[in-house]
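In structure tokens, one chain follows: the form predicted on its own.
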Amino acid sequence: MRDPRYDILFQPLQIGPKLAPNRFYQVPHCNGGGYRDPSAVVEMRRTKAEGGWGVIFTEQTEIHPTSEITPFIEQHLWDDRDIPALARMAEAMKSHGGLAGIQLAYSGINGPNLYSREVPLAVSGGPILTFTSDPVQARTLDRADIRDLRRWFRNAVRRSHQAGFDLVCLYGAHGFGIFQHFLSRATNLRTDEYGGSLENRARFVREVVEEAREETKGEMAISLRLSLHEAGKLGFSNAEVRDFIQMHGDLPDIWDLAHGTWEQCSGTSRFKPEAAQEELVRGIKALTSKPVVGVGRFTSPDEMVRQIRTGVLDFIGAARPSIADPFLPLKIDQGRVEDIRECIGCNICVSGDMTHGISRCTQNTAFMEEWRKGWHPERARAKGRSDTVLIVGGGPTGLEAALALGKRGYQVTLAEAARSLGGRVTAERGLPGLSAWGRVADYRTGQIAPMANVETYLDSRLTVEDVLAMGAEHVAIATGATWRRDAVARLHLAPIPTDPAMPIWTPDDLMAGGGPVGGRVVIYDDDHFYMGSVLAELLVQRGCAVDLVCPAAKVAEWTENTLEQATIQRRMLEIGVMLHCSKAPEAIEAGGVTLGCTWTGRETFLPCDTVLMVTSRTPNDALYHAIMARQADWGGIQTVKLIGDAAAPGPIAWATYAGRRYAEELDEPDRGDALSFRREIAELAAI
């Protein structure tokens, strides 16, 4: 059933002593589970094994308590007690014939040790370089420390082998790993045999690789993960990376190459297209006889094939695409390319790790819920005792609910008031940089289309009487939310004085084609996500002079969690948007806005022609409350449920999750006060 064009993707390929069954390589990625949720992580990886990934890696696994990155919740391999949980993971990863890999990490100058309280150790001492500027400094490794560090890596390799892993990945990418710290002149200021020349800076890498092979008697494959380019005058540049690989072409069994920082490597689709790292990796294969794996948010099998046939890569590396669709390889193999659930590059998955919660995915609602809730990204449970469901609203929540209910076997009617499905994602996909958002609607409408038990009605704004007359046993109200036209959000809990002579716009107005063209516009952004900066870009394209006001100290503050805040702020400055951070409107007048400093209260006046409010959203729940007021007339209706943005507005991933949860819990018995998910509790140690 496979298209012959894609046969090359399924060729087995040797990685040192191990044979990978195909070229699909799930590179290491974090997930918010780590040591706290080991079974959840195990089942997430098992799902990828079932989906056909030939090589599957863990997340960053800390090898020693002298280097840990609390508050981030990563895996530990500190002593032998960590082996059983990782052994279960290795077994799951190999359960369908693939190879299991573990990424071993020592964070050095990036490890504040807030939990272990050990003194951090770095190639060259200095302030800890973390996301949160922890007020800690690291001590420079002396020769005895380096011998200890080599031993700790050797112990970690032994434990990895004992746990059943096939490969170990030595982490030296994104500025986080000790191997990059040794190789880079930015973090290696040493004057001994481990510093200075590239040959000296490579000494530690050579020692650890050689000792890893010796420890496992050559039975495990060794991967070296490096940044393709580290910016700055002293950074480990792409040219020096190539020199290093040319000097040590046969050192690891596979070269795993990723762009410099995590932000550069995993940029959102708004700023990074598919295969964005190609220029940095092209030509490196000619410098080594060992295979090369690289990433680029690959979702198109044609692009994957091109990467291999043109000699750029040997393996197709993927983190986010493997999250969005764990069954991506199997779907290509089975000739079901149209069924691929494509990554939209929103980085909501990354935000799970950054916020120290559990990761989630806009596209794959089952991600990290495989064990916690028993959800599967492809298989559906049989329906319950009921038969019919009416879903009002065809946005991301309604579409996900309709798809999941349809797969379970219910007769589903989906009524959408607009002339197209998709709701907010259909509106947002037309904004600058957000075209990939449309995949949320495209995938679900494409999957629903051939389902005989799901009927879709467009241009169908239902009234209470319509709903009561439909005769459905269950009704889900997924009617979305509307952006507010006032300043009420996080800072202002009540409306501010506003002169009606000032035109006020909302994101809904602009997405519908309205809003200002030309003139001076003040955007007030108390949303702190992507919408304010995206609309600033749209208004600049329309010829407007834009002032972006936000009460935070930087624009789009929450996008630190999606790795794009710095890129957004830079983009705003580059396109001429005037930024007014730590400011908020206190009053809106006919000729402008009175701003107050959020620290001092000092007021200034900002003249403008119009104001765009990007603040908060009001749930569209009127239909729900009207139906609830008519319970005496329900007849055969058993339940009415308010879901998604209509219940509580949130990001798109929250909306799709709400749709899946509704579908999964329909006809389930009332759990009372029981938890809605499984969790693990640490075992008490003997006193």
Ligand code: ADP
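The model shown is predicted, which means the values in this text are computed figures rather than measured ones. Quick note: we count residues from 1 along the sequence shown, nothing fancier.
The same protein has a further form, the form predicted in complex with this ligand, not shown here; the description that follows concerns it.
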Answer option from 480, 260, 406, 301, heavy atom within 4.5 Å of this ligand in the predicted bound form: 480
Selected contact from 247, 579, 417, 587, since only one has a non-hydrogen atom within 4.5 angstroms of this ligand in the predicted bound form: 417
This ligand contact in the predicted bound form: residue 168, any heavy atom under 4.5 Å: no
4.5 angstroms heavy atom contact with this ligand in the predicted bound form for residue 107: no
4.5 Å heavy atom contact, residue 379 and this ligand in the predicted bound form: no
Residue contact check: residue 112 to this ligand in the predicted bound form, 4.5 Å heavy atom: no
All of 55, 313 and 317 within 4.5 Å of this ligand in the predicted bound form, heavy atom check: no
Residue stretch of 409-417, 125-133, 188-196, 82-90 approaching this ligand in the predicted bound form, non-hydrogen atom distance within 4.5 Å: 409-417
Interface residues of 395-422 toward this ligand, as seen in the predicted bound form [heavy atoms, 4.5 Å]: 395, 396, 397, 398, 415, 416, 417, 418, 422
